[in-house]
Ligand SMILES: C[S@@+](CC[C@H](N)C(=O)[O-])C[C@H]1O[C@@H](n2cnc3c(N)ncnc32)[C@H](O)[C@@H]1O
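To begin, one chain is listed below as structure tokens, in the form predicted on its own.
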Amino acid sequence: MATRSQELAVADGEFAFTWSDFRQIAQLVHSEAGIVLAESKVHLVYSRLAKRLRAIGLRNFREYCALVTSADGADERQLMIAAMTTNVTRFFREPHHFEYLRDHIFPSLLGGARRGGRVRVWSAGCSSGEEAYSIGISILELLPEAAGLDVRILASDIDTEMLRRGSEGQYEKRQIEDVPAEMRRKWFVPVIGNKSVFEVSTELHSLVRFRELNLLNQWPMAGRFDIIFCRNVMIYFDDKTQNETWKRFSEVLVPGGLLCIGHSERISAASQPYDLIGQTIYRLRRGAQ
């Protein structure tokens, strides 16, 4: 009699997918990226990775597990992890964050940049760049000369394909519908020969630097950030990884710096050095580092 590990996790699939296969993939995804895959996600895992098996010509998930756990499987492991995340994003998503920055933070912060100061914002888990460019637009609206000053936005993600799209800075017309019309006219340019696609302006593009970064690994940046956006990323992590990452953010924020998180995420004030100052907006307590 077959053990549960040998039983099919998806009975009617194109590729044989056992519970043992699922556990191997779940363990690898968790160790590499901190993403938790409960058994309830088995059909999601199958449907997303079945596309990879077709693409590389494998016959079953046993062969796929052998590949992604091998020394030669580094590239495929990265593609597997990318397939497990949902890149749902749009310009000015959760607009209260941008409104708060515009009204309460940017006037003083960008005033300092105008006088020669340094401004750094990090979009952690930036997907295809909409969040980072929304931050950039918000800055340029108040400081049109920002690209020529010491103002930069780091946009990082684990998914290299999303980073490529973000760095390219081109979006279909429907993707920029959430950008107010006047901002669209100023900060987006129709692509020559394709009126349904727009690219970000030179000034906006120059504010943002796209970099591959796994939040579980070492963070190479040397300086501190005034503001960190990490929205709807922690929902993939277990409690321990979440708490460790919130703490690590506090170590790279300037005193009194801000952390903006997703609408379904929360930070415990009892265990973390932040104070809630707005809707899913936290300020690092001064002297906390």
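In case it trips you up, residue 1 is the first one in the sequence shown, and so on. Everything numeric here is computed off the predicted structure, so don't read it as measured data.
Beyond what is shown, the protein has a form predicted in complex with the ligand; the following relates to that form.
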property	result
Contact segment among 190-198, 144-152, 83-91, 99-107, judged by heavy atoms lying within 4.5 Å of the ligand in the predicted complex	83-91
Exercise: Ser250 in contact with the ligand in the predicted complex, heavy atom 4.5 Å	no
Partner contact for Gln175 in the predicted complex: the ligand, 4.5 angstroms, heavy atom	no
4.5 Å heavy atom contact, Gly125 to the ligand in the predicted complex	yes
Contact label in the predicted complex: Phe237 to the ligand, heavy atom within 4.5 Å	yes
Contact assignment for the ligand in the predicted complex, among Val45, Val68, Leu258, Ala33, heavy atom within 4.5 Å	Ala33
Joint contact, Asp159, Leu215 and Asn232 to the ligand in the predicted complex, by non-hydrogen atom at 4.5 Å	yes
